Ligand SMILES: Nc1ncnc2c1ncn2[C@@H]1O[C@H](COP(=O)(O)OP(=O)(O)OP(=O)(O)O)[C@@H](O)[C@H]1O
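Next up: a single chain in structure tokens, the form predicted on its own.
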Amino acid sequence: MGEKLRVTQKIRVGTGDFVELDNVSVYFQIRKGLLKRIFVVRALENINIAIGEHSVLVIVGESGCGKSTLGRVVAGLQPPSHGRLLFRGKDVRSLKGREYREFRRSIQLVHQDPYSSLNPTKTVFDILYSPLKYWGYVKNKDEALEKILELLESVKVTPPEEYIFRYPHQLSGGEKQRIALARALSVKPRFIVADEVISAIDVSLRIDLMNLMIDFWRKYGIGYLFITHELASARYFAELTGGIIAVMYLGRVVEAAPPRKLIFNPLHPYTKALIAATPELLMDLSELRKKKPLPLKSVDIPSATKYIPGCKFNTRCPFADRRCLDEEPMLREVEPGHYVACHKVL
């Protein structure tokens, strides 16, 4: 890691610093091959993001780019290998007692797979009762009953009386994900990490779930880190919440901007390639017809264990030159609210 990476500009989402990633990197060691050689996976490198309360950051990118790892860091489930996670200006590793409990309660994670995130041996009542009891919102099961019925109503699992004593295998994928969302909401969080929450449910239900989450943003001021691999969903969620979209590639943020600026004035070649690959029916046809597909040198994303000097996109970018092969570009704000990491953008 060179010195230039250490001064990468910080993406600011909203006002204030509710949660902040300060130069965060995450590395994993894995063993591969017959000789079980050790390889390093650079899941995240030099991520600098500050998110204010009631703010929304949408992360989009291909599988393996580090989106979920970023979400786990923000939720406090994955410690950084380097750098710091800050909560209300304090390093999470220094938090103790009441302050640490407040951090754990304030930021909740909704997992990608609702089929494995719910305990199959517990009923819906038990799944929602556990966090309510742990955090002291109810004293016993009788007191919890009314609260749980309200939670089910709020996530549109109705009539709640029919669902409260069902087991996860008796629920559809969409119902499971709404129960997972209700579990996160049960402790009155200030921020939710939604990790690919719409990818495992039917297409017809995805808009409904996003609208439900947006309603909670409006009513209760809940902020989101919304993670998705679909640019159309990223745009929808960000536009309706006034959020920022950040595009990730191989553990780095390569571009970040408000949705309309990112969609209609992309600056990074990778962002342009993503837009060109998005189904036209989900975008503005008049604008997309003007855009031509970007002829990438390769359609395959490199292995996360392979070290790529310079810009990590140079193996696929049709515009890469000698500087791109030798020097990694820093993320910088090229105009108000628009960040990009590309040598070709002056």
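All figures in this text were calculated on a predicted structure; none of them were measured in a lab. Residues carry their position along the shown sequence, with the first being 1.
Not pictured, yet referred to below: the form predicted in complex with the named molecule.
- Screening 131-139, 147-155, 68-76, 211-219 for residues having heavy atoms within 4.5 Å of the named molecule in the predicted bound form returns a single hit, 68-76.
- For the chain shown alone, Ile30 is a contact residue for the named molecule in the predicted bound form, at least one non-hydrogen atom being within 4.5 angstroms.
- Taking the partner from elsewhere, Ala320 is found to have every heavy atom lying beyond 4.5 Å of the named molecule in the predicted bound form.
- Proximity of Ala304 to the named molecule in the predicted bound form: non-hydrogen atoms within 4.5 Å are present.
- None of the heavy atoms of Ser186 is located within 4.5 Å of the named molecule in the predicted bound form.
- Every member of the trio Val41, Gly64 and Gln112 reaches the named molecule in the predicted bound form with some non-hydrogen atom inside 4.5 Å.
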